[in-house]
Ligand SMILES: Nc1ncnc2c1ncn2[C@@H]1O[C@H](COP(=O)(O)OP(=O)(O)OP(=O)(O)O)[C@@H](O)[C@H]1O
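Given next, in structure tokens, is a single chain: the form predicted alone.
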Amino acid sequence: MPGLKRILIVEDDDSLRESLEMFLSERGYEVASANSGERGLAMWKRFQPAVIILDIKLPDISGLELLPRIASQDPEAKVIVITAFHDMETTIEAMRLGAYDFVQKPFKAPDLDRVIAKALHIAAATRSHPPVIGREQAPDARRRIIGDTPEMNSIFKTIGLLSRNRATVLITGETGSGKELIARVIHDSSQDKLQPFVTVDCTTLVGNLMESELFGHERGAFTGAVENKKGRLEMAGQGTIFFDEIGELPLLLQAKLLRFLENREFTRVGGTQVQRSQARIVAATNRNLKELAQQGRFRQDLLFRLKVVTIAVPPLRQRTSDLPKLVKYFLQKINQELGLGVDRVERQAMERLAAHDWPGNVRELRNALTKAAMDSRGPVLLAEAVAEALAVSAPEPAASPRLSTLEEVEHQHILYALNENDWNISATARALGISRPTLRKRMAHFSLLRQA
């Protein structure tokens, strides 16, 4: 096993090699050196250094040829490449072949010293922290919720009960807390798990096409409808349709969704044939729907229909005891996806993770671990890399909702009034304070047709 204070210098420039030997010896390191690639390779085998400072341009063999030979025989060796070449291709190739870092000449000795100190820190951390993450495949994320707190166990029990029926489910929780994952596990645990799981992003349902997106349309129903199209409800079949961020659903679609929930029937836009669907409805929101209902921005009757079963997902900061399991799981996934081998966690790194407030919840944790794992450059998740990742991982404040155009507001308001008055033209015109001809004219403009 290499000594943690041993450094090998492979450099053909006598002046630079001697200067580095003197500087590093004064810093307390045990230093050996070679002026060619073959001598460096022989010295490396005898000396077993923890760090190799390797020049690319050597008189007999390129450092880029020597690098993979060292990396294949000693993956834990930290090779710091030094070179006068300043081109992109050389840097990329050196890092691809296994270099720990790449330092361009001319460089200042203290800058190189900092790189060496970090490399040796990784080597020491590798020795002092045994592996805590196996090489086995991580479970499929779509079928796995990580957690062992009473709140999470209660969610597991609820999912078990839901596996026996098609009850409508409302999932509440902060952004990034795992609401869609829970929806997918509900689907995968049901008797209809082989049926489709269809997602509707309610934040994107705007304009005249929103109704078509949900219910589908017939050819010629409106300008641009050149063929029949199935909507999300029809696509879901007997499976699950997941309304993500249901609190953003426009009011006119809230009325139509409510009507569907009441009788499980709908028609395509421009069609007359009644369709039926037994798909399970699962909705999720990070908003307080009760407050939105009090403000007139969400239908109270729709809220009652949606919350047949309610699952409240706790934020990560309220279940930090789950962090070790979550870290292990995500590191397994990150290793698989990025070809890394991070199988240890520095104690101070876990302490930093536990002390964080996690405004972005589990999503933020995964993003932070991905960056920290890449920046750790070795088998140990380093506290320094975690701290840097957390400094940039916090989610940005949510953007203000897009303001509806006046035409969109008019469209929604007329449709809402028609539904409230059971599509009675006279009653709707009186409620809106306009004449019946004007109402009919606006209905034609918006292609508003009563659905059977």
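Quantities reported herein were computed from a predicted structural model and do not represent experimental measurements. Note that residue numbering follows the sequence shown and begins at 1.
Only in words, not in the display: the form predicted together with the named molecule, which the text now covers.
S.K.: In the predicted complex, which of the listed residues (Ile246, Leu331, Val362, Leu382) lies with a heavy atom within 4.5 Å of the named molecule?
M.R.: Spelling it out, the residue with a heavy atom inside the cut-off is Val362.
S.K.: Which one, Ala71, Met95, Leu261, Leu181, lies within 4.5 Å of the named molecule in the predicted complex by heavy atoms?
M.R.: Result of the distance check: Leu181.
S.K.: Do Arg114 and the named molecule come within 4.5 Å of each other in the predicted complex, heavy atoms counted?
M.R.: Heavy-atom contact with the named molecule at 4.5 Å: absent for Arg114.
S.K.: Is His356 a contact residue for the named molecule in the predicted complex, using a 4.5 Å heavy atom cut-off?
M.R.: Answer no; every heavy atom of His356 is more than 4.5 Å from the named molecule in the predicted complex.
S.K.: Are any of the heavy atoms in Arg144 no more than 4.5 Å from a heavy atom of the named molecule in the predicted complex?
M.R.: Arg144 belongs to the contact set for the named molecule.
S.K.: Evaluate Gln254 for contact with the named molecule in the predicted complex, applying a 4.5 angstroms cut-off between non-hydrogen atoms, and reply yes or no.
M.R.: Gln254 lies outside the contact set for the named molecule.
S.K.: Going by heavy atoms within 4.5 Å, which of 167-175, 214-222, 102-110, 74-82 lines up against the named molecule in the predicted complex?
M.R.: It is 167-175 that comes within 4.5 Å of the partner.
S.K.: Establish, in the predicted complex, whether Met152, Asn286 and Arg366 all lie within 4.5 Å of the named molecule, using non-hydrogen atoms for the distance.
M.R.: Affirmative, all three are within 4.5 Å.
S.K.: Since the partner is left out here, which residues of 31-47 would have a heavy atom within 4.5 Å of the named molecule in the predicted complex?
M.R.: Stretch hits: zero.
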